[in-house]
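First, one chain by itself: the form predicted on its own, in C-alpha cells.
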C-alpha cells in the first residue's frame, strides 16, 4: 500500500518493527520502531518516558517525510 500511495504523489513514511520486510515491500522512507507488540511505545516505561519515546519516533517520521529520497532509506 505504501508504494501505491507514493505512486499517487503523496510521500509516505513506513514506521515498522521489522525493517527487512519494509525493504522487501519497497517502502522508500523507513523509520524503525520499538517492538512488534508495541511499535510506538514501551509499557515498561513511565508515562512521561513513554510519551518522550513516542514524541521522538514521530519527530523522526516527520523529518523523514520532509526528506527527499531517490532510493529506499532507513532513518
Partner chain sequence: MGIKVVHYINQFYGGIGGEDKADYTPEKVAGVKGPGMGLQAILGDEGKITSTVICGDSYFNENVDEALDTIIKMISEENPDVVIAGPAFNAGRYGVACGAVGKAVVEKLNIPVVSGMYNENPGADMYKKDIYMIETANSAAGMKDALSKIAPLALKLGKGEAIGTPEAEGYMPRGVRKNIFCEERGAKRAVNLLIKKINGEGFETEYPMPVFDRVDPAEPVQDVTKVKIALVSSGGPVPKSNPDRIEASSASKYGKYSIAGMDNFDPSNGETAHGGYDPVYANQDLDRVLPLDVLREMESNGEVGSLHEFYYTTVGNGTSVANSKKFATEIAQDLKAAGVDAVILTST
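Positions refer to the first chain, counted from 1. On a predicted model such as this, the values are computed, not experimentally measured, just so you know.
Heads up, the form predicted in complex with its partner chain isn't pictured, but that's what we're talking about next.
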Even though its partner chain is not shown here, does residue 41 get within 4.5 Å of it in the model of the complex, heavy atoms only? yes
With heavy atoms only and a cut-off of 4.5 Å, decide whether residue 1 touches its partner chain in the model of the complex. yes
Contact between residue 69 and its partner chain in the model of the complex at 4.5 Å, heavy atoms? yes
Contact label in the model of the complex: residue 74 to its partner chain, heavy atom within 4.5 Å: no
Residues within 4.5 Å of its partner chain in the model of the complex, restricted to 1 to 39 and counted by heavy atom: 1, 2, 3, 4, 5, 6, 7, 8, 9, 10, 11, 12, 13, 14, 15, 16, 17, 18, 20, 21, 23, 24, 25, 26, 28, 29, 35, 36, 37, 38, 39
